[in-house]
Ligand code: ADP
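Have a look below at one chain only, the form predicted alone, in structure tokens format.
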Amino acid sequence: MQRRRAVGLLSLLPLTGAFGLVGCKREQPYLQFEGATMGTRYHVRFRPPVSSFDATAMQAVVDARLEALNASLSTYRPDSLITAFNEAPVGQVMPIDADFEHMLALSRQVHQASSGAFDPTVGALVKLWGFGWPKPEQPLVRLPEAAAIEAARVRFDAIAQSAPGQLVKHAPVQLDFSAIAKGYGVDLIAEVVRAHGVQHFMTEIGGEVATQGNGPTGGPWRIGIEAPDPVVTGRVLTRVHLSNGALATSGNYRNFFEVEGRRFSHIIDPVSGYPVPQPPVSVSVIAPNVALADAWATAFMVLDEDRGLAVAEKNQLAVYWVYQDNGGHRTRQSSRMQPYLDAAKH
């Protein structure tokens, strides 16, 4: 599973050990392992509760849990539950598992709270504007007709649960949880790590991060937010201190494409069906869990600046925006983000 192409690049740099955390003390017995998932890599760094801790056994549980998640939600697997649902005819009741049901519930929560800015049924619109997967053989050379845009705007309410563990669609909707499932995968890794008695750890998939307890330096984990740049990678724009928290970032480093001599952003607004005129370069969100942070980061790429700030304050979210400004960058943050930034200065 991968984030929708309309969202762009991820831009979180966990500053730890092999992931780049500064100030590591070698005498502290932190361990780490990594593996492949969702078209990228996951990383886990932790302090074992006992010297005889079996990290290999814990990783095996992590791998099995991630495999189960992909079997449910990967749109790249022909045998997944979500593929079966997407290929099912309108009106057919389909079975779904607990992961699918949970993603649907969280997606609906953010969808409603963002007034539709987050919508896992946006896939048809993304394809219409030339950003679907697999990538079109030819770039978009003509703007879509208004009627085609309206037809592609399948609403979230076209999906209904006829009973627990069952789902039915009332329109030819195609679900894609790519903008939330990676964050959920991080949450699942964190659950496994906690279940093994680990109290101090950081888990990460493709830049989405969950932390608990202290990092190797003895204080909160230091997480770097990358400076958005389509060419240069690895430059830190700012840092946050995060303990017992979840952080996700959505990015849009190549902001525009041109059709018929007009410039459009790559970010598609599910409500209007059109590209967002001036989206942020990137948005970072701290939330109660990584799945929510992931989904909200996508929503804030769609919402305009003032409305996004109002929504962040209303939902008590810590949000950090980066905008292009006269060839440079301008940042803005919600009130709940400031304490994380202040802590990183000390």
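Keep in mind that what you see is a predicted model, and the values were worked out from it rather than measured. The first residue of the sequence shown is number 1, and the count goes up from there. Take the two forms, superpose them, and find the largest set of C-alpha atoms that agree within 1.5 Å; that set is the rigid core.
We do not show the form predicted in complex with the ligand, though everything after this point is about it.
For the ligand in the predicted complex, the listed stretch (43-51, 59-67, 291-299, 306-314) containing residues with heavy atoms inside 4.5 Å is 291-299. Proximity of Ala117 to the ligand in the predicted complex falls within the 4.5 Å heavy atom cutoff. Interface membership of His266, defined by any non-hydrogen atom within 4.5 Å of the ligand in the predicted complex, is confirmed.
Gly273 falls outside the set of residues with a heavy atom inside 4.5 Å of the ligand in the predicted complex. Contact between Gln212 and the ligand in the predicted complex is not found at the 4.5 Å heavy atom cutoff.
Here the marked residues Trp221, Thr238 and Ser284 all miss the ligand in the predicted complex; none has a heavy atom within 4.5 angstroms. Among Phe131, Phe85, Phe100, Phe156, the residue placing a heavy atom within 4.5 Å of the ligand in the predicted complex is Phe131. Residue Val126 is the only one of Leu167, Leu106, Ala152, Val126 with a heavy atom lying within 4.5 Å of the ligand in the predicted complex. Taking the ligand as it sits in the predicted complex, the stretch 310-325 never comes within 4.5 angstroms of it through any non-hydrogen atom. Fitting the two forms on the rigid core leaves the C-alpha of Val126 displaced by at least 2 angstroms between the shown form and the other one. After superposing the rigid core, the C-alpha of Leu106 moves by less than 2 Å between the shown form and the other one. For Phe264, the Cα coordinates differ by 2 angstroms or more between the shown form and the other one after the core has been superposed.
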